[in-house]
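What follows is a pair of forms of the same protein chain, given separately as structure tokens and numbered structure 1 and structure 2.
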Structure 1
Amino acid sequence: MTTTPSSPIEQLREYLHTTRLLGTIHSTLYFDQNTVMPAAAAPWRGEQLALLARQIHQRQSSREFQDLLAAAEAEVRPEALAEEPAQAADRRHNLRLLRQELERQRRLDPALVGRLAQAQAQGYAHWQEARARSDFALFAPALEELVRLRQEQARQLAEPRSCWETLAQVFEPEVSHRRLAELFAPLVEGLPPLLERAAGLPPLPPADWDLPDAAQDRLSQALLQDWGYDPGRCVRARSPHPFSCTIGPADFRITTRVVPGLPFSSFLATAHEWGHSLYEQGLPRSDDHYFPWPLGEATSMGVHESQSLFFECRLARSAAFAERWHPRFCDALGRDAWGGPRRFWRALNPMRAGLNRVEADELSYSLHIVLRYELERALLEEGMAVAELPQRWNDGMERLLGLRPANDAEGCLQDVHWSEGLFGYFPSYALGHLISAQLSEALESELGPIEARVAAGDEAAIIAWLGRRVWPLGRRVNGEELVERLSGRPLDAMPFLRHLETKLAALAC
């Protein structure tokens, strides 16, 4: 807490600092809600969160904020001449990002913001009921309203982009249909043959084993210890759905769950969420200087997901990792349920199409995303009626994955995103796979094969590389720029497809 800020930029920093305090208070309540809060407390917690959300929104669009930002932009500081050019460039970049966000906030009619919040709450409630009864019709009117309001939101934002593109910017800056077409076409073409090839893999070991809660916990704890977990700055907890969150410049938390009958679930989720958390921990804010500034933030959901997927799929599902961890899992279980480390590795990589996105492996996952992206575009930009969604979903699943859901619950009602009108988010998951694969190639060109590093128990070198090359960039580059800077080439799908082919070939041996 600086006393008597002396310049417009410092006053702006103070203002952002307080906004960030409120944001992380909100995160603390969210964490508490999902890890310990008793069920009956939900309505009161909802009111607490809504109060904080109003305060944060008010600060982000207030006249005071506008004036502070304008003053900082107008400032020509005498000492700026003596300043490092990099520092001056950072400051300009930070102000540019703040201006962009403020203008977005200002273009929105507050009445629309209020209606959206209401429609999201109602959408979520109706979706929960519709999913429980597996009856899309119960959710359809709420979804229609959300589509309408999001279209109105995009109109008010008035960006030189399509409706869907406009809505997707907050998740993936500069994303466009043109680029997604280029990136996803090879997936639509390349993944189905790979799935067919995977059907010929050696059969999966029998799933006749499970691990006690405490044993899963010990394995996850051991994994984190290997991967640099610092209990002085980090927290692990349990929640119904795994997540990662940052509550302060030295307060990083991840949660997982134990699912009976899915004994890898908690362990792999630990790897996944720890990837998210390491990215957050590595953002350029270690001395708190950057914590309130945009450049210190994660650059996109795709990059965030690339880091979690890297730790889950490239490390924890690798052959070398399976080799090293097979004895630990045998110890935890009291026997070898798989028949050696190679079949243990096979168990970690089912490579099978399924109806559910969240449970999909790296081979089929992106096809779930392509389907959702197609349908969002149809809903928002091509006049598709909401009522057509179940049929279109089921047809798409059959076309892309060769499976047809038996009902809406395992079909178009499975994800929470649309219940809150979150359109434009899904592609980030698939981009995460592509970014992870291309960054992996860049990493391997410097450090040698990931498999060799993992075999040597030297994940530290890999983590250090990411901590040097990827995480400190924050919002200086968007997802595509990050990949191009580190790999020397624009992002494309080939590294990901190559990785899958290599893995399938190895699994077939």
Structure 2
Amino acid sequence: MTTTPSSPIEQLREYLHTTRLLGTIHSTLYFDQNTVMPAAAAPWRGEQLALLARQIHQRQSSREFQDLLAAAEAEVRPEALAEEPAQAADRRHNLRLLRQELERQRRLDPALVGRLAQAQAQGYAHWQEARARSDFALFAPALEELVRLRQEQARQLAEPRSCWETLAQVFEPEVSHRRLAELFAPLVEGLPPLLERAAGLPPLPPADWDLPDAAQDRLSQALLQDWGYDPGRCVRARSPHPFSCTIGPADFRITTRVVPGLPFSSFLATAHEWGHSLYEQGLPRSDDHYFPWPLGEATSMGVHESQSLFFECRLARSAAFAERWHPRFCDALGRDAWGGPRRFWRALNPMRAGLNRVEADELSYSLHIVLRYELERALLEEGMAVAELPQRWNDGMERLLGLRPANDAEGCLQDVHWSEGLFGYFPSYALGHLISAQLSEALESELGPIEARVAAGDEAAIIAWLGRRVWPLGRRVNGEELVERLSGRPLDAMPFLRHLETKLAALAC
């Protein structure tokens, strides 16, 4: 009996499935590297990751892939396609995204791809040591290599954008310096006066308490259970820097860390990273989309960050949430260290400038991002020497936040991103705040106040709304298109600034 050959679309799907398997093996090794891998294994892990990166790049740029994609493109031409219009549009969009990525990959030298993967693994190991010793000089050579390699990557891609803009496209499609200037200028102008106002808020409760690791773990796990954590599909571990990682269609990982003297850190990081993971779990998951089609991927990192910041800031830092969770923290501590739920809410929202981005509240957070964005541009496009980074960082912190780090660990070594050469990522964090604010207004126009839902313990309704309106869109739209579709207006900074004004007024009462 003769077997009917599969269609070009099916052949392409099988090819992409194998490529995705390799990519998730890479993600598994990365998760292991950040959680349990011994430090001495870093050189070998670098070789493993470099090998996989070369293999993935080869598949993403091969003649076989080009031929399969061309045949699939011919199959979905309007005159050749007898499908429902929506399904046909999705297939064409998937193929356009694949064509775009193929053209990018074909421009890259495979040797550069391998060197980058190895430099990232080595950079991470050097960063860990440098941060532990608070000695930037231990990390500087690795950072210099990563800057050089990323500049070479931008040259090979040869896009009609600047070096930084080219590198940022993978995180934020269509992002530009011009658009970031439009969105960030109101933050640079509006946030410092709000920080001055915040200085007049009622004083924070005395910082005379901490929680044992085990108690922090129990609280974090209780939060996850309340918000739909499924231990059959999800894992929580520890790492030096919290992150979320999707390894398969039913394999979602998050990490947190316990910071001595910062007993809210692990809890809020859990809320943040679970927001990332819920978004990943809510992306289109049919065979035609998530594995392996691009429409099943995240819209952008700005949208990704909007979800994590929503769960951290709009839910876990809300007054209604503090009212409900105050008794649990009192039980974990064995006493009320705050003097009631309202002062507990105040402790969850310090609203003051601090040195650490990850621990920053909504008010000061975006100024941290502006600094990192300025420094990335200086390193990649303006000729700033890596050796100047600690001084430029400290000067920028003093200018934007009125603080000066005492050492490299609390200064330019605090973030993991540059150790992996992830230039172009940081603005997505600030964009996440702006997107979250505008989506929150859209959500409240349909569901009513978020605070009322949280007070009723009905976060499930909020999660369900996001699962209907935001997460299933995947890459059908970019970040700004998503915001305009749901809110009816272009993205801007004013909804976020309005939210901060409202919150400050409530905290002052």
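Sequence positions of structure 1, starting at 1, serve as the residue numbers. This is a predicted model, so every value here is computed, not measured. Rigid core here is just the name for the largest C-alpha set that superposes within 1.5 Å across the two forms.
- Remark: the form predicted alone is the source of structure 2; structure 1 originates elsewhere.
- Once both forms are fitted on their rigid core, the CA atom of D230 lies less than 2 Å apart between structure 1 and structure 2.
- Taking 2 Å as the criterion, G396 counts as shifted between structure 1 and structure 2: its C-alpha moves by at least this amount when the rigid core is aligned.
- Core-superposed comparison between structure 1 and structure 2: the C-alpha position of P350 differs by less than 2 Å.
- Taking the rigid core as reference, the CA displacement of R178 between structure 1 and structure 2 comes to 3.1 Å.
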